[in-house]
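Below you will find one chain, with nothing else, as structure tokens; this is the form predicted on its own, and questions on how it binds or moves follow later.
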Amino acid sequence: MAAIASTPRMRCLYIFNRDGVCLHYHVWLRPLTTLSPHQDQKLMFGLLFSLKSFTAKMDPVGGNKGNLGAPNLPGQGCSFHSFRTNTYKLSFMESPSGIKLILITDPRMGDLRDALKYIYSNIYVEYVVKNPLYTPGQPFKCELFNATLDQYVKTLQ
């Protein structure tokens, strides 16, 4: 039981812009790495794009379905927030500006929508967007962002 409690429940965080560029990739626990980081990020964005398109297409109350695979505007149509497998949980949030946050965690984690909103508004916006040295839409490395993120996710464990 002590071994389970000491295992980090957070696995990794991806931040993508609306064009699919991975702005940031942060890893806490990744025991098996079979892909390069670039391949992993492309695969994750492709999965995300497909799931968003699929859920919009399957929306029972939405009017115009459009084409499967066609991008939707942020907040448009049906959306998904998470899915769970036997080994991990993927939680997702998209900001009105099209920034996508994906948090991979232990499958036993609860609803993380509020945590993703907090990471976006109180960590990403504060330490990245408001940084005068940051070029919008470009990948970033920011030690203060990472340190604050690490400290916050410890409260979610």
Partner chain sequence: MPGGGREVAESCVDSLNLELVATYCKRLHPNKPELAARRIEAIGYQVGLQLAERYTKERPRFADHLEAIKFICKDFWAEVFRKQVDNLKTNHRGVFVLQDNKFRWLTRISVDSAPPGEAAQMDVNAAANASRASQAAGQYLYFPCGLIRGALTNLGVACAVSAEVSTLPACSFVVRVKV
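Positions refer to the first chain, counted from 1. Every value quoted in this text rests on a predicted model; they were computed, and no experiment measured them.
The same protein also has a form predicted together with its partner chain, omitted here; what follows describes it.
Pick from 95 to 103, 50 to 58, 121 to 129, 37 to 45: which stretch has non-hydrogen atoms within 4.5 Å of its partner chain in the predicted complex?
It is 121 to 129 that comes within 4.5 Å of the partner.
Report whether the minimum heavy atom distance between G137 and its partner chain in the predicted complex is within 4.5 Å.
The answer is no: G137 has no heavy atom within 4.5 Å of its partner chain.
Heavy atom to heavy atom, is V21 within 4.5 Å of its partner chain in the predicted complex?
Judged by the heavy-atom cut-off of 4.5 Å, V21 is well away from its partner chain in the predicted complex.
Partner contact for C12 in the predicted complex: its partner chain, 4.5 angstroms, heavy atom
Although its partner chain is absent here, C12 would stay clear of it in the predicted complex, with no heavy atoms inside 4.5 Å.
Is N146 close enough to touch its partner chain in the predicted complex, meaning at least one heavy atom pair within 4.5 Å?
Contact check for N146: yes, within 4.5 Å of its partner chain in the predicted complex.
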